[in-house]
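Okay, so here's just one chain, in structure tokens, the form predicted alone.
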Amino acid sequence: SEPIEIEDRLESLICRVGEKSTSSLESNLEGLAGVLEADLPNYKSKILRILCAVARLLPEKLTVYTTLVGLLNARNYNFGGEFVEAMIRQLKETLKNNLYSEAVYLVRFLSDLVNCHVIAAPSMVAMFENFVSVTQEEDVPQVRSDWFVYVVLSCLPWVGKELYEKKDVEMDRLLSQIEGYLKRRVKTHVPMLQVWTADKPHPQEEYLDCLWAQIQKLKKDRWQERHILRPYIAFDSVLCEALQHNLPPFTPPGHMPDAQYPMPRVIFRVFDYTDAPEGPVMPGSHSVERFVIEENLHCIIKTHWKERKTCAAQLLSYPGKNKIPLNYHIVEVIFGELFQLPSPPHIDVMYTTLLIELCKLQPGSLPQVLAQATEMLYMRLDTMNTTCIDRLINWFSHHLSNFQFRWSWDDWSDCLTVDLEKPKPKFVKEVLEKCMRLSYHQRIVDIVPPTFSALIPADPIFTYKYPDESACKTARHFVFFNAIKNRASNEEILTVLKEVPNPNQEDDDDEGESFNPLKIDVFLQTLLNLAAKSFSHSFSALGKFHEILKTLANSDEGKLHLLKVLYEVWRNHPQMIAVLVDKLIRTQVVDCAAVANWLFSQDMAHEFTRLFIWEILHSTIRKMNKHVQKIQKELEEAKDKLEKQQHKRDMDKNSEDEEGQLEEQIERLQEKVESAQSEQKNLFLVIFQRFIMLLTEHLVRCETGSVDISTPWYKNGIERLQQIFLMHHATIQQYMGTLENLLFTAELDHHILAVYQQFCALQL
């Protein structure tokens, strides 16, 4: 156990260097290099493994570890060579496994080793040249070339100066190749990824264009940057004596059809230097310092996101924090991640808990910056992407619930003087609706000024449809009421249901199979009314009478009517509607396509722009996707099992029976997968078809009436269409051919077709 203890101690020492300490970083590094050098004879492979891991997983301490490797290389040349070889092996492995963000950190680490005299500058330039040569490849996706160009540009803040001093002609050639590539890039995808449609007050720049502008400015400033911590400068006299290694020739691996390159991004900006009036000035959006600070803060979040307390503490103890308005940078980076399209790097709720933690650690300064950012986001709601507004609503309501729902609502009274369909009143209404879910109705009434009454959500109570309708329906309601109360069996209830006349049927018809809306009306309302006390009561009621509900909703019309009745009785309680629809899909009373048809139906048109509608639709799509994935996984497992059986066959004669059973099982699963995929494709066809119909109707109406098309409803509709494409892009890509042939044809209105073309451009 002693060697294991020593290995754990080495790991702890390496991982903790660079953290707060009573001694200076330089003396800690020198001490650690001495310890590691002494342990090299016995623990070399372990030390190599730990150093390669921290290079990949702790990028925020990059220069600390490159300095450590530099000191070890100066003391033991062979170890330096082995480390470089191990890093190249690891780089090849990460690229093979589609781990592109980790690969960026490895290349950046190698480039910084040039500053520590471990790697010779010409061999680093040669590696960069190979990377940039990818832009000359034919028939490869643009996202592949983008990634290799990004890697080279993102290393230059660290190593540009050193490479220019040694290889200026080659570097100029490299940068002009990159410039040529950036000029011919296709940028159709950009509008789909922007948080705002307006470029004022901050341009919404595509990530490569922004980084290129930052590198251009850095070059103009003679590669002088003032923010990267460079501990190796203190050891220059030792390091410059060290022998350097040449990187082995590195050819980027060829393009594979299953490669998953990172998606393009748009750089999020909410602050500039005028927003942080006191203290240090915020670097401009095209200064390389802005890139370095944001990159390091993203790295800290990526490393510690599962531990909110550690993450908040690490962000606030960022090195060089006295030279920058750190709180502004942190808030901007967190919102940048939260609003990243198509999806944030981590789950949404992580950002809420992280901001709460930061407010606790810096109660005197951070809440003010966060309030300022919230105010700015509110002011810019008119041009904000609908998907980002959804995330802002969820974050803000959750945040308020942790601070007694305190907010200066009167400052937002401007939302009361405009059309309630516009983004600002809609935002406040949805926030209050979400706040109510996290508390209760009266609490919301108490915290909001009386002037806001139009935006306060309705009391979430059950609405009974027949309180004063004709006596025959009411009498029938009592029959069911008593039957359910007295725990009648399913058979007894079905007998009572048979007596309900069908308004869709002529008197002289036999009792056929045609759908009977009255049965669903009377039975479902009575059942939900009796179970209205809580979610649990409603769940158990749907579970208990599952068979009856399936019988009543056995046709498409029946399913639609059942959902319509559910909405009518719970229209004031969107959360109840969402969870009950979810339950009905899980228990297969209704299917996913029925839910989509109901949400797009005329009955729900007045709710089309409400957030809960889209939450239900996305949840329905996710359920369908999970269902397909589950059966596909079962099929893969059965195939693997059969393969193993065939290997065993020669040794064991009994396995033939098992093989036969497995082959039958595979055949059944194959059919299930095909049927599930066809259902999945049909769901997307239904959704896109309904979108196209609604949006086309609007566009034609505006054209014939010579009215401007850009209404709040249209902005919401077109951006919800974008949202479906973005949130489910991996699944939709499988059905692109069908969508193009059937729906997104050249004859379609160009406003709608543009959304499809932007989506296609994302993976070009």
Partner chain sequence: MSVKLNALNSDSYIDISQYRDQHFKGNRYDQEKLLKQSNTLYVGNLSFYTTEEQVHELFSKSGDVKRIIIGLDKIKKTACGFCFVEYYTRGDAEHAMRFINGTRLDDRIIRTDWDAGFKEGRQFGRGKSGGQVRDEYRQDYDPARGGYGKLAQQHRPTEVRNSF
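The structure displayed is predicted, hence computed values, not measured ones. Residue numbers count along the first chain shown, from 1.
The form predicted together with the partner chain is left out here; the points below concern that form.
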| query | finding |
| --- | --- |
| 4.5 Å heavy atom contact, Val54 and the partner chain in the model of the complex | yes |
| Contact flag, Tyr318 vs the partner chain in the model of the complex, heavy atom cut 4.5 Å | no |
| Contact test in the model of the complex: Asn322 vs the partner chain, heavy atoms, 4.5 Å | no |
| The partner chain contact in the model of the complex: Glu129, any heavy atom under 4.5 Å | no |
| Partner-proximal stretch of 333 to 341, 87 to 95, 113 to 121, 663 to 671 relative to the partner chain in the model of the complex, 4.5 angstroms, heavy atom | 87 to 95 |
| In the model of the complex, the one of Lys161, Lys424, Lys583, Arg610 near the partner chain [non-hydrogen atom within 4.5 angstroms] | Lys583 |
| Contact residue in the model of the complex, chosen from Arg380, Arg144, His398, His298 - any heavy atom within 4.5 Å of the partner chain | His398 |
| Partner contacts for 294 to 323, taking the partner chain in the model of the complex and a 4.5 Å heavy atom cut-off | Trp305, Lys306, Glu307, Arg308, Lys309 |
